[in-house]
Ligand code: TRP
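Shown next as structure tokens: one chain only, the form predicted alone.
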């Protein structure tokens, strides 16, 4: 009996930040020991919001290096580009016939993203993003999908499409369940709900200690705690939320010092910066290795794409057989 299988992926936007680690990578590394894992570089998905893909290959390599540096093992987890597996688009075309536009328009994640990105005219591809995502997952017969809460509606659409296909043509696909991460989101340095390179509020996994210090100096804190001696409220301080992730041992002490006023924000930030840099140190060391041995990275990608093509081909043979297209 095979292990249950997961499919997870990201759009290739280049070097990743600690929010990506907390929200996804940390969980992926743990899950690769429990599940048969496939990891997708979702380069076609980039087109839904940005038609300029001049640097997409370089961004894919940068992201892959971060995946490897944080602990993803290519022997356990094939990593591959979506665009190199033609079956993704073939299956998406079939799935597009199994769902209505009105159902896609009711997708709450779509509504939130349209509002957040201020999109005036929704393209066909953007509306159908969850359909392509469903093909990404079901092409590898994923039993589960590691996601944050904002992506749960997309998983539900995938489940609906799987049920519709199985009912119409015969059983091929499992109905994948969402695997929610416990620490799903890290606030941006400016206090935004999440880190985003477009907002300039991130700490990259590749940032050296001096860069981390410079960025942490700008991090927002309790606005009522102006100077050392003023009592603060760590519950509303994003720096304290970073301590809870990267400096768990000192959390009680920092909590008490902030509330009493004994701990100043500058000292607190520099302490946090040091702990984040300590966490990043082995990741940066591995990054440097892969950057100096880029042929190894390219070989890992090529090998992952070979493995993905085999699985994708097997699934599409099942699909064509059930649909009598063989």
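Residue numbers count along the first chain shown, from 1. A quick note: this is a predicted structure, and the numbers were derived from the prediction, not measured.
What comes next is about the form predicted together with this ligand, which is not displayed.
With this ligand left out of view, the stretch that reaches within 4.5 Å of it through heavy atoms in the predicted complex is, among 73-81, 134-142, 89-97, 192-200, 134-142. Proximity to this ligand in the predicted complex, defined as a heavy atom within 4.5 Å, holds among 280, 40, 272, 65 only for 40. For the chain shown alone, residue 316 is not a contact residue for this ligand in the predicted complex, no non-hydrogen atom being within 4.5 angstroms.
Looking at residue 309, you'd find every heavy atom of it more than 4.5 angstroms from this ligand in the predicted complex. Shown alone here, residue 304 lies farther than 4.5 Å from this ligand in the predicted complex, counting heavy atoms only. This ligand in the predicted complex is not approached by residue 165, whose heavy atoms all lie more than 4.5 angstroms from it. Contacts between 5-30 and this ligand, taken as any heavy atom within 4.5 Å in the predicted complex, involve 7, 8, 9, 10, 11.
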